[in-house]
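Here we start with a single chain on its own, the form predicted alone, put down as structure tokens.
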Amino acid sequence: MRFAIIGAGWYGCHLATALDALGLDVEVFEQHNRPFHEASGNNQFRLHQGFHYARHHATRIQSREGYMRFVERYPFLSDSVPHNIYAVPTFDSSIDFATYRLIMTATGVDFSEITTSPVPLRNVSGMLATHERVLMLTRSREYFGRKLSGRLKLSHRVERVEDRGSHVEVDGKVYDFVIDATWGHFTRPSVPVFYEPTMLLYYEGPRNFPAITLVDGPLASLYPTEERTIYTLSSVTHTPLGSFATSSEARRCLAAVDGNLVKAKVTAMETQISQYFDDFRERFRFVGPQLSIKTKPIGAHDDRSCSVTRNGRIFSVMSGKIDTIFTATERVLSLLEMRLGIEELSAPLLRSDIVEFTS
């Protein structure tokens, strides 16, 4: 059985290695000259446990379980964050600290409540310290490049996918199934979505500085990268550059980014984080912007959970978090079993297996 996967991000590469381990024939098509070039390589490099998602239960649960599975499956592709702090602002959070703490307790994730932190924060009503990890991007590119050697088709932009009923053709080549792992940039997702171009900011700062995440609502976070003196600064308010109905519109927005917009975002994000961390500008130096596009479901419920849909022989994967790659794999296999007719197998007749006993 032959699979074509479009997109060599985290989901495309993990799905490819999982299907290959099952003895299936897989090829991965990536339009750029390296894997993890778009959203998978342009994000906050955070391996979540669910603390970001106080407003969506399914996302928290998938993140919690995916975190443990990711560390077990890929222990060498992430590293620990020495100090990781979630702080609830006194005035600007959409929920109070007691509610946030209760939600996380009910989710079953490990944390400790702290009254002091390595970073002097102000205007916060409570803090949690917890374990999260940073993704090792360079190492991940190298690992999947070796693991998928010969099956990773770089610099190949897929132009045409045609479902013929008995098979599917990708640029004229025959496969049994196709998995679209482009987050709706190739085929339109089955759920209503919008495309959000984003700008995170890279900063240089002290080695092994604590990660700081302000929750929950239109707030900011500072998180380390694989290079422990480089950090990303993000803002729920200022990181998005717009909301668009199509991928092409979002790409045009990114192409129009100029120096004036970058300067405006630097000022806005630094002002925001400085409301809680006075010394930010003294301890961190702006290095450059990071541009990407997120595909998000329409709605105010903060849903970033994983979903997989199938239309004929074409699967489409949607998720907002790297740690749900295992959920995606399981759902692809489940839908594949249904497609192959597993649900049509005859039901066992228990009565025929009962040995009759005559007294």
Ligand SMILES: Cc1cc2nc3c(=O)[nH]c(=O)nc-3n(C[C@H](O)[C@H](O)[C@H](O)COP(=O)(O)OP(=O)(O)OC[C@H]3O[C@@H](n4cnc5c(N)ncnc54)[C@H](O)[C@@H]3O)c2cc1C
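One rule holds for the numbers: they count along the sequence shown, beginning at 1. Model, not experiment: these values are computed from the prediction.
Same protein, other form: the form predicted together with this ligand, not shown, and the subject of what follows.
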query	finding
Contact check for 55, 125 and 273 against this ligand in the model of the complex, heavy atom at 4.5 Å	no
This ligand contact at residue 198 in the model of the complex, heavy atom, 4.5 Å	yes
Residue contact check: residue 241 to this ligand in the model of the complex, 4.5 Å heavy atom	no
4.5 angstroms heavy atom contact with this ligand in the model of the complex for residue 265	no
This ligand contact at residue 61 in the model of the complex, heavy atom, 4.5 Å	no
Option from 252 to 260, 202 to 210, 177 to 185, 265 to 273 whose residues, in the model of the complex, bring a heavy atom within 4.5 Å of this ligand	177 to 185
In the model of the complex, the one of 281, 173, 157, 164 near this ligand [non-hydrogen atom within 4.5 angstroms]	157
Residues of stretch 1 to 20 in contact with this ligand in the model of the complex (4.5 Å, non-hydrogen atom)	6, 7, 8, 9, 10, 11, 12
